[in-house]
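Presented as structure tokens, the chain that follows is alone, the form predicted on its own.
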Amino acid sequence: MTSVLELDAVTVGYGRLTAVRDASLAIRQGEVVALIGPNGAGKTTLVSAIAGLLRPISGTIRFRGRDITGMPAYRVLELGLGLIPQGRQLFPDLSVADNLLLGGYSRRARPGRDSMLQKMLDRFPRLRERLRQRAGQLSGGEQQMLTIARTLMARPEVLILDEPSLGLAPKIVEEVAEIIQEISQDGTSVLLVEQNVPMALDLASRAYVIEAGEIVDRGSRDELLQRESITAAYLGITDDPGGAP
């Protein structure tokens, strides 16, 4: 199956600092792919480059076969690639309704904005109850739902979620996981960036492991779960539960 999003040897940095080196990955239609790794490994840097927020030093990013390397973020969004950033980045003084409508402001999304708004309110009934409330007054879980709904208003074909479970209670994390699964079942491809590795591997069919700016492993969920290097580092599981003598 043809990849909808493909990275080939992408290197990204800040000034003289190289944060990601020679990263290659691919995502197919309707697939959930996880990008996992420790804090500071380069996950956010890499997805920022995909979304057009950072310009790669080298390498190629293709979306549906089109080279989008270095393309500005607004054009990447217009093509159908949406980023849900870490930290949510809502407009806290605007209402829930206004945040949602701003998500559907792009040329791509504008014609169907009203119908998409109704779809989002059906999918996120708590947002319907709080339409006139300011976004900054919502709970953390509600803000995350609003962030996801706002990005879906742009009708992305590929959705990148950067640490969607960060700072949320376990019950809300379960709800977010269900939403991600539903989005994938609707045919949207998902790149899930997570430190919550059990959640990520539960949702994804494949995963890439990034450490110190380099992709060091990749494979299907089942393949990665069979590797002691992954289970020991990210799941706390070892073959020696009693420890070394």
Partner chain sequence: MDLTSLVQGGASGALLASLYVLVALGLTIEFSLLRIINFAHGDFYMLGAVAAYYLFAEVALPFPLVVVVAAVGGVILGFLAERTLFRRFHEDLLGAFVLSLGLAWVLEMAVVGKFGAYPKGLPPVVAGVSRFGQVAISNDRIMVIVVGSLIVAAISLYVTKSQVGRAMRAVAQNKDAAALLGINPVFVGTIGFVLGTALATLAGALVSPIFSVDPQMGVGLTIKAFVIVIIGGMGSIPGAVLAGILLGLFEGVGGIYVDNAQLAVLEFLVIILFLILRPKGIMGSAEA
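Worth saying up front: this structure is predicted, and the values here are computed from it rather than measured. Numbering follows the first chain given and starts at 1.
Absent from the display: the form predicted in complex with the partner chain. The rest refers to it.
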- prompt: Where, among 45-53, 214-222, 201-209, 173-181, do residues come within 4.5 Å of the partner chain in the predicted complex by heavy atom distance?
  reply: 45-53
- request: With the partner chain left out of view, choose which of R113, R123, R130, R155 has a non-hydrogen atom within 4.5 angstroms of it in the predicted complex.
  value: R113
query: L168: heavy atom within 4.5 Å of the partner chain in the predicted complex?
result: no
query: Is there any non-hydrogen atom of L90 lying within 4.5 Å of the partner chain in the predicted complex?
result: yes
message: Under a 4.5 Å heavy atom criterion, is L83 part of the interface with the partner chain in the predicted complex?
response: yes
message: in the predicted complex, does P164 come within 4.5 Å of the partner chain, counting heavy atoms only?
response: no
task: Just give me the residues of 84-123, first to last, that have a heavy atom within 4.5 Å of the partner chain in the predicted complex.
output: P85, Q89, L90, F91, P92, D93, L94, D98, L101, L102, G103, G104, Y105, S106, R113
